[in-house]
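Take a look at this single chain in structure tokens; it is the form predicted alone.
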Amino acid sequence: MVLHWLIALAVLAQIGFGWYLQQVPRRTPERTIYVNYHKSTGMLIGLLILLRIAWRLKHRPPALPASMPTWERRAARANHVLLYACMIIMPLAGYTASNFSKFGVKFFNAVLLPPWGVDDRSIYAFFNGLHIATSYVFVALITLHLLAAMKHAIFPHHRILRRMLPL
């Protein structure tokens, strides 16, 4: 439960930070600083996500109640699988894009992690585009997840929400 909420807050903040970066003028020192913070926090969130996946593989969640309609159980399962896919694709695509630019990653603007790829704008553009496109899919899935949680909060027929709240 703690990992869920920690990652949820970190991911939402990171997505907001990434979208904010689109407003920061290119080729400015401020953008370089902010982009490196975004990359650095993304790498840390990626590690948390790996920890969460490892935890999930060893600790299966309780089954959804049989009282839930089949379509709801399937939709919940599909949404979770797609959320995990986005949590894997986004940091990998962002990190890979960074490694196909001459800038690489300057971890928290202190430690240079030199790129392991060549400076190739087309490879960078592909992975950066994948990173950005996945962010939009991710936000849609998060919105759906939150709407489902609100539905279960308003109509608590199955007591699903209690499993994720520290009550």
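Here the structure is a predicted model, which means the values were calculated and not measured. When you see a residue number, it is the position in the sequence shown, counting from 1.
Below: the form predicted together with a small molecule, not depicted.
Among residues of the shown chain, Leu64 is one whose heavy atoms approach the small molecule to within 4.5 Å in the predicted bound form. At least one heavy atom of Leu83 is located within 4.5 Å of the small molecule in the predicted bound form. Although the partner is absent here, Ala149 lies within 4.5 Å of the small molecule in the predicted bound form, judged by heavy atoms. At a distance threshold of 4.5 angstroms between non-hydrogen atoms, Leu144 is out of contact with the small molecule in the predicted bound form.
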